[in-house]
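Let's start with one chain on its own, the form predicted alone, as structure tokens.
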Amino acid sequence: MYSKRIQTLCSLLFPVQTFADVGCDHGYCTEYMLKNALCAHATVTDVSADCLKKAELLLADFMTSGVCSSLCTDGLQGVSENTDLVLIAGMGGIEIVNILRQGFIPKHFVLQPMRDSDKVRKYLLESAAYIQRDFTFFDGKYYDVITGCSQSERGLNEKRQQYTPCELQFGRENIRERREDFLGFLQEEINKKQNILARPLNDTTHREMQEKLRYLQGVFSGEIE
């Protein structure tokens, strides 16, 4: 049984000819794609040979039948730019940005940064990619996931997106739809700031923390968008 995090990622995957799971770790999402015949061929990659072995073991039957291949590589190196759908999950946002910068913006992507999601959004928008989904979900901790497509795939009718600073920081879908998990994340962040303010602080730190708290409260209430 997959964790809620893996189930959420799998729910965002869709039928394609070719799929790549970059930084695949155990390879569960690729297993989901292949078991459900959602792709004709899948590639699993990881910079760690030991991590890649875990995926190779899980996907051994698919590799034997030729519908799955593995690649020990850094980021997108060796992955075809013609791959229809690329998943990059479970690593830092700065690392994801570096992978995209050194490689390419996939035709379609599902990205799940563990932190620095704003930096991923910023890079995607600067690269004229189109962000389709961008939301927070909870599975023991809060995660962000961002889906979308490259400039060449977004369609002539889709204008280049402009995000507000708040949308860039937290995600447009979160700000506009204000789902329970996102509000839970905000409340957790508010509680952290309030706990810090309860400690002895110098004037500068106290003032800065108060400003951050007011900002989070404004986002939580919907006053800041």
Ligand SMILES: C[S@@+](CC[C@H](N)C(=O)[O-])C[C@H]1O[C@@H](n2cnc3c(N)ncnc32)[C@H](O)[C@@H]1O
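These numbers come from a predicted model, not from an experiment. Counting begins at 1, following the sequence as shown.
The same protein has a further form, the form predicted in complex with this ligand, not shown here; the description that follows concerns it.
Novice: Select from the listed residues Glu31, Glu56, Glu167, Asp46 the one whose heavy atoms reach within 4.5 Å of this ligand in the predicted complex.
Specialist: Checking each option against this ligand in the predicted complex, the one that comes within 4.5 Å is Asp46.
Novice: Which of these stretches, 121 to 129, 146 to 154, 93 to 101, 78 to 86, has heavy atoms within 4.5 Å of this ligand in the predicted complex?
Specialist: Among the listed stretches, the partner-contacting one is 93 to 101.
Novice: Contact check in the predicted complex: Pro15, Ala37 and Asp61 versus this ligand, with a cutoff of 4.5 Å between any heavy atoms. Do all three pass?
Specialist: Checking in the predicted complex: none of Pro15, Ala37 and Asp61 is within 4.5 Å of this ligand.
Novice: Give a yes/no on whether Ser117 approaches this ligand to within 4.5 Å in the predicted complex, heavy atoms considered.
Specialist: Ser117 lies outside the contact set for this ligand.
Novice: Quick check on Cys24: any heavy atom within 4.5 Å of this ligand in the predicted complex?
Specialist: Heavy-atom contact with this ligand at 4.5 Å: present for Cys24.
Novice: How about Asp74: is it within 4.5 Å of this ligand in the predicted complex, going by heavy atoms?
Specialist: So Asp74 counts as contacting this ligand.
Novice: Does any heavy atom of Cys51 come within 4.5 Å of a heavy atom of this ligand in the predicted complex?
Specialist: Cys51: contacts this ligand in the predicted complex.
Novice: Using a 4.5 Å cut-off on any heavy atom, which residues of 1 to 18 would contact this ligand in the predicted complex?
Specialist: Arg5, Ile6, Leu9, in sequence order.
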